[in-house]
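Have a look below at one chain only, the form predicted on its own, in structure tokens format.
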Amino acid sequence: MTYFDTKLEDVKILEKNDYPKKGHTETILRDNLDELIKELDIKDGASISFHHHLRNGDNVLVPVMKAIAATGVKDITLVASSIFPSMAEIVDLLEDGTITNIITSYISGPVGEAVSHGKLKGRIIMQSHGGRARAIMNGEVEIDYAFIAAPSCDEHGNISGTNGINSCGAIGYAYSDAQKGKTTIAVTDYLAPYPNYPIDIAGEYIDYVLKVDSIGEKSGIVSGTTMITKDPVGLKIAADTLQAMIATGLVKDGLSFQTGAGGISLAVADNLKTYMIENNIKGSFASGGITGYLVDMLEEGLFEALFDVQCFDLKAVESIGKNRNHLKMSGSMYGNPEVSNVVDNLDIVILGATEIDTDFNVNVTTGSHGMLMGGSGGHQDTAFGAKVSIIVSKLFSSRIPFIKDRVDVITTPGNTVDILVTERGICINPLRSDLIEKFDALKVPHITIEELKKIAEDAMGKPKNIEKTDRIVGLSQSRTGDILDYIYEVK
């Protein structure tokens, strides 16, 4: 009630005995997972969310889902930002109907294989990181219960990723869950004194704090390849990629840049570092999942700042606690297409791929046997947002050609992919005639993707078709919510 249109003489003045009583709203503290799950009284059909900043070291998702399953609840929609091999135990929950649907940005290991073989009774929706944040923030995806793996938390629910025995640095993908979850639970193994600072997620969003023995092992953050390749083929690709980057005209003062944690991508970053030092170039920012290699570039003054949504190694975790210009960001700030975001300000992004087709569509969702073993993560977000997106890959891998007539699943649409660099040549998307002109002017050699495909097939033949059923087990979604492709059950 505003009282602006009310006669002042009609406004009731509180009597002394009616004054509001002094008191505080408390976050509820619990120390027993099974009892908390019973207290929450989760119903059939609920949606349960988790984030993945401990990656393969996470020990929150599995215990929580097993505790929920023990109550007999069915038809859960699992809204996990990523699913890793360490979460294999939830395969049983797919088979018994506890989990019916999954929404995620990345999936690998036994859970991905189970979904590919039809063990999920409903469907899986594969989103990008920015698309996930968009869908949660605008209400397209509703979360009934959000469980936040909190490296540290005080009794009032203030969460920090910087402190605690399992500090993981940035926890950007948990922000939207905390803000939009109808009931939000911070799960922590480090109950910090109040106030727990620096605060990443404020206690105002937290309903319960659950103290457990362990939320996992932060050493599991370093899962997958996070070392510069030593393979001569990979090093050639990285060197050629630097030449392609230079040819775009974007490697200059003010450069904004993102690369992944794969061996070739890190070699590209290392080459870029040397080039920037030799040519006295200072960039504006690097972004994404941050590695120690980008931390080195920050500390050597090659970038003004880092925007970090998740730490890919422990050096990045250490950096975020000491470097004031190593900035944390939410998944929404990173790539939500409905708000001002970081990826739309990128100059160049370096990305990997499982396969690419002659329309430059990229698949990082399924592997050579058609099974789920990855996902967009920030792939399609950055490809769309960056001025130039560059795919780096070997042309041959395990005797399976990399270029196809049509990828198995479209993760990132071809109209957002600009350049492909392999050991046998550089291809430029015909849609980017401006880049073709720049490369030609500098006499940087490039060939068509059709020519590169022929080179591969002449050497190795055409790949065999993947045997699949007619059953659709999932959908590949664009960052804006449109459907890019179907995901079929593998025989």
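Residue numbers here begin at 1 and follow the sequence given. Only a predicted model underlies this, so the values are computations on that prediction, with no experimental measurement involved.
Here the subject shifts to the form predicted together with another copy of the chain, a form of this protein not shown in this document.
Checklist entry - Within 4.5 Å of another copy of the chain in the predicted bound form, do we find a heavy atom from each of Glu142, Ile472 and Leu475? => result Result yes, every residue of the spot touches another copy of the chain.
Checklist entry - For the chain seen here without its partner, which of 111-119, 235-243, 89-97, 381-389 has a heavy atom within 4.5 Å of another copy of the chain in the predicted bound form? => result Among the listed stretches, the partner-contacting one is 381-389.
Item to check | Listed residue that, although another copy of the chain is not shown, lies within 4.5 Å of it in the predicted bound form (heavy atoms), from Met373, Met297, Val73, Leu327 | outcome: Looking at the other structure, the residue within range turns out to be Leu327.
Checklist entry - So which of Pro85, Gly301, Gly249, Pro198 reaches within 4.5 angstroms of another copy of the chain in the predicted bound form, heavy atom to heavy atom? => result The residue from Pro85, Gly301, Gly249, Pro198 that makes the contact is Pro198.
Item to check | Contact of Phe402 with another copy of the chain in the predicted bound form (heavy atom, 4.5 Å) | outcome: No, no contact at 4.5 Å.
Checklist entry - Thr416 near another copy of the chain in the predicted bound form, any heavy atom under 4.5 Å? => result Yes, contact at 4.5 Å.
Checklist entry - Contact between Tyr190 and another copy of the chain in the predicted bound form at 4.5 Å, heavy atoms? => result The answer is no: Tyr190 has no heavy atom within 4.5 Å of another copy of the chain.
Checklist entry - Does another copy of the chain get within 4.5 angstroms of any non-hydrogen atom of Ala353 in the predicted bound form? => result It does not: once another copy of the chain is placed as it appears in the predicted bound form, Ala353 has no heavy atom within 4.5 Å of it.
Next on the checklist: Heavy atom within 4.5 Å of another copy of the chain in the predicted bound form: which residues of 244-258 meet that condition, in order?
Outcome noted: The stretch does not touch the partner at all.
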